[in-house]
Structures are given as C-alpha cells and as structure tokens.
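Next up: just one chain, as structure tokens, the form predicted on its own.
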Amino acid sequence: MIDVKNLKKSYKDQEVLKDINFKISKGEIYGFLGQNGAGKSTTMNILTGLIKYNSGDITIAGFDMKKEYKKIINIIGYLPENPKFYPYMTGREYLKFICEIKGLDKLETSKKIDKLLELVKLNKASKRKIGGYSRGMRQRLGIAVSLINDPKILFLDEPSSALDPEGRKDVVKIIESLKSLKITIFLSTHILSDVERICDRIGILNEGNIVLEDSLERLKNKYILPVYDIEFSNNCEDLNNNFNKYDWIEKIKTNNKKMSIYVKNRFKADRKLLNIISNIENTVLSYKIRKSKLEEIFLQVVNNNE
C-alpha cells in the first residue's frame, strides 16, 4: 500500500532523511517511531504531499507520488499533530462545512456526519461549539475530518500527544476500531504504550535512518530476552548456587522469597528451568515470565545505533 525507496530530504546543508526504505501492507497499522528531531514529521509531510523531497521513489496505493500526486490526495486522510478548527462552529457544523468543500450532496453529507460522530463518540457533543471542546475532543473531531473522504490510507501525526490518560485512551480506542474498516494507518508517535496496543508492525527512525523494522512480536523475541519471576514459600536468598553454574543464565536477583532470573537463551530456559526448580526443596508459589516492553527495544536499538 505504501512503498518508500531510497528517500532523501535535506534542508540546505542538513540531511534530515538519509536514504530510508520501508513498506506498509494494506490494512496494517504501522507505528513510525523516533526521538524528537529524528525526521518523523518530515517523513509524514512528504508522504502527505505537504513538502517536496530531494530524491527517492514513493508509491502509495499503486500511484507514483511525483507523477500522480492528485490521485493520491483523493485516497488519503491526514490528521496533523495540532489540527485547527473554527471555534465558533459546532462539531456538526464544521463537518458539514468540510463535506460541502469536498462537494458531497446534502443527503450523503447528513448520513456521513452521523456515522462519523458516532465513530468518534462526539454525537452527544455535536451541537456544542468547538471552542468549548477539550483537547481530546478536538483530536477526535480531527479524526472524523480525516475520514470524510473514506480514505484507503490514514496518516496520523502524534494523535494522542499531550492528552490526559482518558483522552489518550479514547483516541487509541478509535484508531483500533478502524482496523475493521481495512484502512491502512501510518501512525507517527512517541507514546510507545499506544504502539504496543494497536500496531501490527513498527519502524524506528534514528538520525534520518530506519534502524529497525519488523512486527512487534518478532522484535520482542529477537531483542529482549525474558525474565523469569519466581516466588517461593520460604526465603530463597541462599538458592543462587543452584543456578549460577548454568551458562545460559545471565544473572539472578533475590529478595526474601522472590527471585528474578535473567537468561541469555530463552530456548534453554524454557526447557530446563522448571526442571531445576522442581528439584529444589522450597515450594514454588508462582512462576511468571515477565513480558518485554517496546520501550526496552526502542532504547536498546537507538543506543546501539548511536
């Protein structure tokens, strides 16, 4: 659905994007991650046609960005980080205004507005003036605006940035619901917990380069080795010697009845750890594998790249 090859962008002598490549399949939610200044916004602005690029090839839904830009504009939706509205309009009035600009007939406009307001949970606030909306409500209205032309591809630039926890939860839930509509979503964000919840794949941009791209599950298996948290019925601080002799165990932390085992090889740990524990004369109360976090992967990849 989106195919970017050898994309480069410079501002005078500053090279912002250095030959980046990535692909996004139809219906995917693709998380585009990076630190401030990595080039995320520049990439977003290029893909939505807001700024030009120096070199490279961009194909969106089979259309060439340089040759068929107008066709691309008709099939994409875009939510900027800080969408602007007329504060004196109500939410319904603003959506009607946008529909009129796009040339939709009155019957189609009414049905579409009702559907969009329901989707972004603003139907009860549709007659309130936008100037009285919270930031979260404005972001949800922005999502509705971006969906007016029934886009095949949706670009979202930091949609949950600067929102309170409840507002962010609402926005993320709406984005998640768009999966059923088979819309391809390019999500630029720095909120990693949101990415973990809704994204199918991620790409990490660092200093103008894509330094990592894969599904979240494969990244967790590749980059983060698990920690096994065990709770015993009695104090376990004298049990370290039972584990220290194994080269696939990296380190052990104990605290009274609790033990955390950090491993170098998950395959060996899954096969052998339970057997070792079963031979210890200290009853196990709980045995859990600690889940990897995207934040750990992100920091590891960025720091290694630097």
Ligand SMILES: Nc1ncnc2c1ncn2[C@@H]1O[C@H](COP(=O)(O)OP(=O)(O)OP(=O)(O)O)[C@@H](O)[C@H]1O
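A residue's number is simply how far along the shown sequence it sits, counting from 1. Remember, it's a predicted structure, so these values are computed and weren't measured experimentally.
Quick note: we don't show the form predicted together with the named molecule, though the next part is all about it.
- Only one of 46, 259, 29, 38 lies close to the named molecule in the predicted complex, with a heavy atom inside 4.5 Å, and it is 38.
- This chain appears without its partner; in the predicted complex, the one residue of 207, 196, 158, 213 with a heavy atom within 4.5 Å of the named molecule is 158.
- Contact check for residue 283: every heavy atom lies farther than 4.5 Å from the named molecule in the predicted complex.
- The named molecule in the predicted complex is approached by residue 11, whose closest heavy atom lies within 4.5 angstroms of it.
- Residue contact with the named molecule in the predicted complex: residue 81 places a heavy atom within 4.5 Å of it.
- Interface residue remark: residue 16 is counted as part of the site for the named molecule in the predicted complex, having a heavy atom within 4.5 Å.
- Judged by heavy atoms within 4.5 Å of the named molecule in the predicted complex, the contact stretch among the candidates 264 to 272, 63 to 71, 240 to 248, 30 to 38 is 30 to 38.
- Residue 190 is the sole member of 166 to 197 found to place a heavy atom within 4.5 Å of the named molecule in the predicted complex.
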